[in-house]
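Take a look at this one chain, the form predicted on its own, written out in structure tokens.
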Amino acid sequence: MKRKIIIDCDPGIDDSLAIMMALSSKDVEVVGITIVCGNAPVTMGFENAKKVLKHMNRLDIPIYMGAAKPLKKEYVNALDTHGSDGLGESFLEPVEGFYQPLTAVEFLSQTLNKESCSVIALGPLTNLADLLAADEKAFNNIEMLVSMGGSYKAHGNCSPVAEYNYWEDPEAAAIVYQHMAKLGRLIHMVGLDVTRKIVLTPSLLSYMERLDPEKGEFIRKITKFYFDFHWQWEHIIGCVINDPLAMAYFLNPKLCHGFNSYVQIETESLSRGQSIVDAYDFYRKKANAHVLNEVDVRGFFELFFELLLHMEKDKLTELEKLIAQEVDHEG
């Protein structure tokens, strides 16, 4: 039986790849996509999501626009990372229409009150904080909450200590984590400690183009800007694809390992957005997060290729060898 999910995201290059993975999986049903301001403004994220759905021939999936700004702080986009169109300056053809009468929070409320559903949060947690304020019962009905955000021992990507999603709206992240502590439940925190190990290299992208020219060309179009950004700022030959790991973890939790801990999100001054992981139990508080700190990189890319390219089993063995060579070389 397929597991139902809602993807809450801010597309965004890597968000788009994660959406493509979910739509390619036989194990999940995407019942809706909710958009939050983050990598791109909310209206741009909505347009980008439509472009991805069109490429995947899945415009039947509804998209709902959510928060246009963080709860308290001024909105700061990440278009310097994702390009002026939010999708790697691919400037894909616009998709007209498909506007929904419901807001993201209204859709989340209605859906979570009537059926079992997990949420894969790939952007700032503003929509979820808004849902909590509007309909706590619906929030409490979330079956599993996976959040790409935060970091344990890794340095930040928008400040020395903070990952972008939690830095962008630290108040929202703090509210969600505090509420999960109150519920005695765990957020599955897919942070920079593990996502930084998932690097889409030029060689891996070339493999994709050879095996599926159409899909490979699309991915090259949306990631070229990302490749250039990572070389300019981090001297990485390739690009870190954070959000696909969050999706892969939901699909196959065995790809990652972690530990349960109490996590607090800072909201003030230089440490704004920092995820403080109480790994040594100083606070003596019940865990509210499962913090990932190890990842099977080779296993991730095998799943990534298998899903996006719909690999047949007789071809998968050869592909696994190619991926193993690349990952082992990069390591």
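Quantities reported herein were computed from a predicted structural model and do not represent experimental measurements. All residue numbers are counted from 1 along the displayed sequence.
Absent from the display: the form predicted together with ligand BDR. The rest refers to it.
Novice: By the heavy atom within 4.5 Å rule, which residue out of 107, 152, 250, 164 makes contact with ligand BDR in the model of the complex?
Specialist: Exactly one residue meets the criterion: 164.
Novice: Which one, 131, 122, 87, 187, lies within 4.5 Å of ligand BDR in the model of the complex by heavy atoms?
Specialist: Exactly one residue meets the criterion: 122.
Novice: Counting only non-hydrogen atoms, choose the one of 92-100, 68-76, 240-248, 202-210 that falls within 4.5 Å of ligand BDR in the model of the complex.
Specialist: In the other structure, the partner sits against 240-248.
Novice: Please run the contact check for residue 39 against ligand BDR in the model of the complex: heavy atoms, 4.5 angstroms, yes or no?
Specialist: Yes, residue 39 lies within 4.5 Å of ligand BDR in the model of the complex.
Novice: Given that ligand BDR is not shown alongside this chain, does residue 172 nevertheless sit within 4.5 Å of it in the model of the complex, heavy atom to heavy atom?
Specialist: Outside the cut-off, so no.
Novice: Please determine whether residue 157 contacts ligand BDR in the model of the complex, using a 4.5 Å cut-off between heavy atoms.
Specialist: Yes - in the model of the complex, heavy atoms of residue 157 and ligand BDR come within 4.5 Å of each other.
Novice: Although the partner isn't part of this model, could you tell me whether residue 148 comes within 4.5 Å of ligand BDR in the model of the complex, counting any heavy atom of the residue?
Specialist: Output for residue 148 is yes: heavy atoms within 4.5 Å of ligand BDR.
Novice: Since the partner is left out here, which residues of 4-20 would have a heavy atom within 4.5 Å of ligand BDR in the model of the complex?
Specialist: The stretch 4-20, when checked against ligand BDR in the model of the complex, contributes 10, 14, 15 at the 4.5 Å heavy-atom cut-off.
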